[in-house]
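Okay, here we've got a single chain as structure tokens, the form predicted alone, with questions on binding and movement later.
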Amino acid sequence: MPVKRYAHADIDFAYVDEGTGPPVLLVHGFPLDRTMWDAQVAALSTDFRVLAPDLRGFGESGIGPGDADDGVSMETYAADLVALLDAAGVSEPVVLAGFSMGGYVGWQFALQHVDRLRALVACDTRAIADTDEAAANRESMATEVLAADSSAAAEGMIPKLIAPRTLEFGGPAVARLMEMIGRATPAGIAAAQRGMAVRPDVRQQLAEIAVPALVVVGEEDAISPPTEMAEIAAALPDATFVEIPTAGHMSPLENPGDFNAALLDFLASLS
């Protein structure tokens, strides 16, 4: 897919822009990049205009000089997305699908930029803030990758991201995850971890997000379990809840067929 670029806050950003029709914005998780959405871009771009950016510090996007030390807030990532829409000439409200950390960004996009949002898809994500222990673990990883390299992020992450059966049989999902994590820069990893560690708890604000929503989760997700995602769906004013079979945290990558079907059904319901 051809890569396009835009500049914002003295940073050079990369994104793909495929298809025509109502705009759909796909926001990747940590520590991944836009290529996690390749199957979704292919499935949606026949009927929709699909934009999938690399968040700052990931994929082919740059990063600010102080981001690794200061962290990048979820609000800042959301502002980067607004700048992307402006640069791409997208003035109508979008459907935003945010996966994991992209979901954290999606909450802030919905709360801070509601005029740019048509509908929200929360994929394998959480509304609660980090515990003190989780925040400390993020700081440990940030420190470790800056002292070593991004391989420190890959160790121990893969078993948490995918279902046990996917890990057991390996295959393209595991290989693609390893490639994406390997491409992540130490600065990007540190910036995101430090930003996620201080992200706000948005559970009490979910009722303010009045747009149609799809809450989708892998049935074996160990990071954002289905029970927790069902609570998010119940707290949103207008939400549909879908569990994706034979998938863990990486439901868009592990079971793209069922994930895409759920996403396309939701998009069809909006019209």
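A quick note: this is a predicted structure, and the numbers were derived from the prediction, not measured. When you see a residue number, it is the position in the sequence shown, counting from 1.
The form predicted in complex with a small molecule exists for this protein as well; it is not shown, and the discussion that follows is about that form.
J.: Considering the small molecule in the model of the complex, find the one stretch among 24-32, 208-216, 42-50, 237-245 with heavy atoms no farther than 4.5 Å from it.
T.: So the stretch in question is 24-32.
J.: May I ask you to choose, among L161, I181, A78, A119, the residue with a heavy atom within 4.5 Å of the small molecule in the model of the complex?
T.: By the 4.5 Å heavy-atom cutoff, the listed residue in contact is L161.
J.: Pick from M196, A173, A187, L85: which residue has any heavy atom within 4.5 angstroms of the small molecule in the model of the complex?
T.: Of the listed residues, the single hit is M196.
J.: How about A135 - does it come within 4.5 Å of the small molecule in the model of the complex, if we only consider non-hydrogen atoms?
T.: Outside the cut-off, so no.
J.: Look up in the model of the complex whether A110 has a non-hydrogen atom within 4.5 angstroms of the small molecule, and give yes or no.
T.: Judged by the heavy-atom cut-off of 4.5 Å, A110 is well away from the small molecule in the model of the complex.
J.: Answer yes if any heavy atom of L167 is within 4.5 Å of a heavy atom of the small molecule in the model of the complex; otherwise answer no.
T.: So L167 does not count as contacting the small molecule.
J.: Under a 4.5 Å heavy atom criterion, is M101 part of the interface with the small molecule in the model of the complex?
T.: Flag for M101 set to yes.
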